[in-house]
Every structure is written in structure tokens, then in C-alpha cells.
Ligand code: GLU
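A single chain, nothing else alongside it, follows as C-alpha cells in the form predicted on its own.
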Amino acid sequence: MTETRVRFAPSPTGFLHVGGARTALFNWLYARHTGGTFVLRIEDTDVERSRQDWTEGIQTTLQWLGLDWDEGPYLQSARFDRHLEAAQQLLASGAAYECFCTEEEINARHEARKALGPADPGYDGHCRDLTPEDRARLAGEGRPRSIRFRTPDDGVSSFTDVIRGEVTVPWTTIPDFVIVRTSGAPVFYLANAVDDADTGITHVIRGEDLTDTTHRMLALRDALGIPGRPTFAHLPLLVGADRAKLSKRHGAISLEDFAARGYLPEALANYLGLLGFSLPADESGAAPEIVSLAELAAAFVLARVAPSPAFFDYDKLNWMNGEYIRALPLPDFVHRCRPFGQERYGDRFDADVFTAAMALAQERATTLADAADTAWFLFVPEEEFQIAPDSLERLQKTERVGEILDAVAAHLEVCDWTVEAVDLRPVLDKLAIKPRKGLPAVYAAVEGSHTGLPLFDSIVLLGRERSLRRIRAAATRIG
């Protein structure tokens, strides 16, 4: 039985998108499920747009997500000689030809065709049948040269996709395409076909948006005499609430964005692992939703990947991240929140106060960043403390608000400084005011918002002096 070999092959031209991360994850899961090999290959054939820091960032974010690789990272740019050797083989066999057309000339011919009626925007085959004399003349003129692959004039290209079934297109829809740029750098079609063959890739698991390129790569393999075909599985696209392809307008989309916003990598990996893939139902008849990477790998089969687009639901991710946060031991949760607190509060950061605040935040936190943000009222200088506009408006509309704040201040002046003694419900009982009516006003006065960390604990953490100062300031403001 042939060992399973899969690869994740990102281009280092930007941050790692969650769509790419989901592709990496599914490759990793399949490799781990089958006991195969997960290869990391960096597709840096676009030399001008590729950057070393992007390459390093891809590796860092994959590791953050919990994914390791068995081989690599291999750089395609280190194999250019091998790719160009393949290009020369194609030239020699007549499967490819030198093209001397400039982009401006190609566009001009397309516009001329379009003036006569609907025209295919692809390359028109202008250099396909140049004579040796023509080629020598054009080369002698110093014109830039690319190498194009000669696609068949008729018939169809077909391959079987594990997720989508038979995929067939007429060759007439695929114009001759560049495999070596005028700069001499190979295009990723050629590099992919050669590298997949040379490294023995058995399964190509990648995004649906790359389905069309498969026909080109298979044609190149055939023309190079590469035996056999890998198994293809093109994953469903990730879409936003508007069912358009996920993009920045939908919110965070890079792994760096999610890390910076305080999502736990294990929660994000869990969520991505269920985007387009479903686990079998358990004893209750429902598929489990909170699962580890090991559990996902044990159950992962390509047959359970759906072909339809997968909706990236931020609300669902927030729920899942919150579940993971609440499952953390408190010291671990505080440790993970601490960098966010230090970043936000700088020199005012107090580790003991922050730890106590995070103990209060954990039960209701959605992200680590949100948890750290809830402690802001404990670290803000008093002269900068402000009540949020919507909370201030609600405070001003609270019936008998001045009476409430005066009574609360009077109680806090003399009570013991414990959570039990600070409990303000008896104070409101004496005023015949229900807590749900009166406490939001105190929240706003103390924390700057009508909701936040548990109020009585927050007052104790803030201290008697600052709590009284804020409550009296609020009373004066609405008085």
C-alpha cells in the first residue's frame, strides 16, 4: 500500500488567511488519520511578491494553530533549475513553444477581436506556429521571451475529485498558458506539477478556487511523461454571512488577526476543522462540536467533506472560543490574558489586580482580548475615567438615580471591605428598588459601562476611595 503524502503549499505574499489555514489543517488531519506524511512547501515562484518574513510568518502561525509538518519547508525557488529543465523537455517535444508577445500586444489584439464581436480574453496563439526563422529573428531583436504550454485544440480535460465527482471542461476554454515568465522564473503551474511528482504527493487537498488549475497541471504531467495521477480533493470555499467569498470586509481573516484578538488556537483549530467537514453523530444523535485535533484526526475522511460553501459564522466561533476559555485552568487563562493586559495598560499594569480581575472575567469572556479589556476601569487614571455615552444616557434615565447613588456611597463609606459586605442589594431593598433597575447605574458609575465584571467584586478591587470618588462624580453629573 502506497504511503499517503499530502502537502500544504502557500505563497509567501501575505498573512496566512483562515481559508489557507483550513486547507493546511485538512491536509494535516488526513496525514495523521492515514499515518502518512505532511509536507510544507513554500510556493515562492512569484519572486517579486514573495518575502522572507511572510515565509517565516506562515510557519509561526501554523505552529500556533497546533500543526506540525513532517518534511520541509521546501522552497520552490530552490528548485528553479529542475523546473526549467522540465520546460526545456516540453520545448523539445513540441508541447511548449517560445512566445515573444508583449502584454500590450496581447491586449491590443484582444481589443481588436472584441470590436468584431464577443472575444475570448485568453491568449490567441499568435506565436504557436512561428517558423524557426521567425523565432531567430525575434530573438535577435532582443524581444522578451516566455514559454507557453500548447493546450489541445479539441477534446476535453477530465479528472475525478473525491469531493466533487467528475470534473470536465473543453480544452477550447483553456488557452495556451505561460509556464516560464519573461524573467526566466517558472510559473506555479509547472512548478507544482514537477514538485508534486518529484516528492511523491499522493493526495492534493486544496481550495475549490484552484480547481481550474488542475487541468493545466495534469496536462503538464502527461506531457512530461509523469506516470499516474494524485487523488484530488478541492475543499469548499469559506463564505461570509452574505454568502460571498470570505474577505476582510467580513472581519478578521488572517491567523495573525485572530491571535491578536485573543482567540485560542485550539478553539480556532476546532472550529476550522468543522467547516465543511462533519463528524459522525454520537450516542445522543448529534455530532460533537467541541473536539480536539486528535479526535478530529481520528475521524477525518475526505468522504465526509461537503462540496457546498462553508459559512464562517463569527458568532459560532465566539461561542466555541468562550467554551474553551471556561475549560482552561485559571492560572493558564491568566497567563494567556497577561500579554493583552500588559499591552493595554503598560506601566499601570498590576499583576495581582489583573489576576483577580481575570478570575472574574473568565466565566463570561469571549476572547482573551475582551477579558483583558474588561479590566480597563481598574487601570485607567482617574482623570481619564469616563462613562460610555450609551451607559451615561441610561444612567441619566434611571428613576431616582441620585437617591440610589447617594445611598450606595453612604453604605460604601462605612461597610467592611469584603465582597459580602459590599453587596448593594440590601441598600436597594431599603429604597424599594429592584436590583435589575438600580444596579446598572452603579455599574456605569464604577466601571464606565452598565455591564461588566461582577459589580461587588469590582468595587472591592477598585478600592474604597476610587469607588466613592466615581460614584459621587456620577451623582454630581446627573444631579
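Just count from 1 along the sequence shown to find any residue number. What you are looking at is a predicted structure, and each value in this text was computed from that prediction instead of being measured.
This next part talks about the form predicted in complex with this ligand, which is not shown.
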Check all three, H17, R22 and L275, heavy atom within 4.5 Å of this ligand in the predicted bound form: no
4.5 angstroms heavy atom contact with this ligand in the predicted bound form for I459: no
In the predicted bound form, S467 touching this ligand (heavy atom, 4.5 Å): no
This ligand contact at A260 in the predicted bound form, heavy atom, 4.5 Å: no
Proximity of N192 to this ligand in the predicted bound form, heavy atoms at 4.5 Å: yes
Sole residue of L210, A388, V178, A327 within 4.5 Å of this ligand in the predicted bound form, by heavy atom: L210
The single option of F188, F377, Y345, F100 touching this ligand in the predicted bound form, heavy atom within 4.5 Å: F188
Stretch in contact, per heavy atom within 4.5 angstroms of this ligand in the predicted bound form, of 369-377, 202-210, 404-412, 311-319: 202-210
Contacts with this ligand in the predicted bound form, stretch 7-23 (heavy atom within 4.5 Å): R7, A9, P10, S11
